[in-house]
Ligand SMILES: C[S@@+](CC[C@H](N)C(=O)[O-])C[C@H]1O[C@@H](n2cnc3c(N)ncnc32)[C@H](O)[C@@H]1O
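The chain below stands alone and is given as structure tokens, in the form predicted on its own.
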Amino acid sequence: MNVDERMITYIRSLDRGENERLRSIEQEAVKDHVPIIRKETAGLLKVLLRMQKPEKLLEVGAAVGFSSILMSEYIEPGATITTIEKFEPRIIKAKENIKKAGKMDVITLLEGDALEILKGLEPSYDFIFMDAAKGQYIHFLPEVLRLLAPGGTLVSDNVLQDGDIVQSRYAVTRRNRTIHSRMRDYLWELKHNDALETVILPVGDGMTISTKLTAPAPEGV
């Protein structure tokens, strides 16, 4: 994204950081070129979790377990997190990290294709964090909405694609055009679905925060 790097550096300088286990996972992920959530994304998640105190969380896209372990530090005792990952090397590492963090009683890792796993889950989750393959968000959405409790929160990460989302599809590289098109469709659906109220924020690489309404949104609002 086209954000003033000086501002980002300053904001990050104010962050008090995470515990030693999370710092170790973060450093290893960076070394191994495994994408994990940015510090600004983590900061927003922390605030949302502290405010909303969800009891049943779902994460689509575990990677090496960094974000699920981080979220587990900011939820209430007794709350649980279910996370999904299909890439075998990341599954192995996520299991290792979750075990070392002592979070096996809080975090359940489901292995396999996210869409198939989502279809097999039962409602309802009061907080869902979407951080999987960006081109699949639009395909996951119907199941995610089915699983999300009324009044629940859906947070989606990396939705602005380093600023490419504002470009014409012909201005992005050919290999990224499908993802670009699908993400635009996803954002349109989040903003126009009568079951949701959504804000799009230029935080990190772009995040959306959606709440599932308990009643249809008024027309014209």
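Since this is a predicted model, take the numbers as computed values, not measurements. Residue positions are given as counts along the sequence shown, with the first one as 1.
The next section is about a form of this same protein that is not shown, the form predicted in complex with the ligand.
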Problem - Contact residue in the predicted complex, chosen from I36, I179, L196, L48 - any heavy atom within 4.5 Å of the ligand - result: I36
Completion exercise
Answer key: of I98, V144, I84, V106, within 4.5 Å of the ligand in the predicted complex (heavy atoms) is I84
Handout entry: A63: touches the ligand in the predicted complex, heavy atom cutoff 4.5 angstroms
Key = yes
Exercise for the section: Spell out, yes or no, whether the shortest heavy atom distance between R90 and the ligand in the predicted complex is within 4.5 Å. Expected result: yes
Handout entry: E76: touches the ligand in the predicted complex, heavy atom cutoff 4.5 angstroms
Key = no
Practice task
Give a yes or no for G102: in the predicted complex, does one of its heavy atoms lie within 4.5 Å of a heavy atom belonging to the ligand?
Solution key: no
Exercise for the section: May I ask whether G151, V155 and Y186 each come within 4.5 Å of the ligand in the predicted complex, counting any non-hydrogen atom? Expected result: no
Practice task
Would you mind checking 129-150 for residues with a heavy atom within 4.5 Å of the ligand in the predicted complex?
Solution key: F129, D131, A132, A133, K134, Q136, F140
